[in-house]
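In the form predicted on its own, a lone chain appears below as structure tokens.
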Amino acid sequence: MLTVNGVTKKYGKLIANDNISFEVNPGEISVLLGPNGAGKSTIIKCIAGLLKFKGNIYINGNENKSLQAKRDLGYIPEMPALYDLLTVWEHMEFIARAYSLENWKEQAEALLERFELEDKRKKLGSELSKGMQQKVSICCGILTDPKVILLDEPMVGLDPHAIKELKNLIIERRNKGNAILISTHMLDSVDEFWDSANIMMNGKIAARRTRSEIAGTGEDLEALFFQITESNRDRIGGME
């Protein structure tokens, strides 16, 4: 379970996240929707422990910067950050050693095959395309069998086969009871499997909906998204 409670992140006078609170339960796929600059990546990085913030974040009841929380968390960033001089397989081995994983090689092999990387296992990180690097990042993030998974714009740069496999993987992980949070500005990329949606604007949660709420009222999530984002754009334009 992921719990975000009253998180505020400032860069000088700029408030990137303004008192944000939400939860993602086990077996739930929650999405953060919003235009570029809404604060999605900032809250993802706060959850991952990469940024200092005010407020509280818990991973399965443990403070997000604790060792146990880090063991339970899988993070797939928007920009993959591979080691230039490690091969694809050495990246998997590095993660396995860092997390003291046992009997990990079969799982690593299956992930590389699934994302069509088995023939790239000896390639250095610096020799891979952006899409290939993203696929390695996904494999590394899942290898630890995390209970909470963060994905920041995960489908950008992926080929159609990889997008299909990633979507299938996300659904499989939900069925295993993982709490999954996906940040994206492309609603259609998550339309078929989201369970809850948080629409962000100006560092705040402007609206939250669940799939059951949408189904019960007939409300259209895409229409709500554009209503919120475009009305905000109109207000800003009127102030200029």
Partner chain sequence: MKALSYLLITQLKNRILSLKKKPALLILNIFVFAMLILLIVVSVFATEEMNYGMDFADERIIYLIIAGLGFLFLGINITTGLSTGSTLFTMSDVGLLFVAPISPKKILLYGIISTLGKTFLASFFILYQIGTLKSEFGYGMREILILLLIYVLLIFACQLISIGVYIFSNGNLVRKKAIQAIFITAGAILVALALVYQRSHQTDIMDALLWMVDQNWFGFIPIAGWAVLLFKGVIEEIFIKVLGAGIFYTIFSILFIYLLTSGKSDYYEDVLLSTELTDQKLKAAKEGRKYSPKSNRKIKIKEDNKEAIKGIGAAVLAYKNRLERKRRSRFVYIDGYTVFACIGTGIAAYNMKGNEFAGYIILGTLAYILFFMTVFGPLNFELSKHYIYLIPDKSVKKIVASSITSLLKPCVDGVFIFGIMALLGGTDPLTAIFLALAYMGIGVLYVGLTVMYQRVLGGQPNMLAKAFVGIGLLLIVLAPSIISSVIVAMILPESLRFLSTLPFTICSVAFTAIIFIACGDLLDKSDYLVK
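Keep in mind it's a predicted model, so treat the numbers as computed, not measured. Positions refer to the first chain, counted from 1.
Unshown form predicted in complex with its partner chain; subsequent notes refer to it.
The contact residue chosen from A48, I205, I29, I57 relative to its partner chain in the model of the complex is A48, the criterion being a non-hydrogen atom within 4.5 angstroms. For the candidate set D145, E109, E116, E93, a heavy atom within 4.5 Å of its partner chain in the model of the complex is found for exactly one residue, namely E93.
Shown alone here, K65 lies within 4.5 Å of its partner chain in the model of the complex, counting heavy atoms only. Interface residue remark: K176 is not counted as part of the site for its partner chain in the model of the complex, having no heavy atom within 4.5 Å. The shortest heavy atom separation between K164 and its partner chain in the model of the complex exceeds 4.5 Å. Heavy atoms of G157 never reach within 4.5 Å of its partner chain in the model of the complex, leaving it off the interface.
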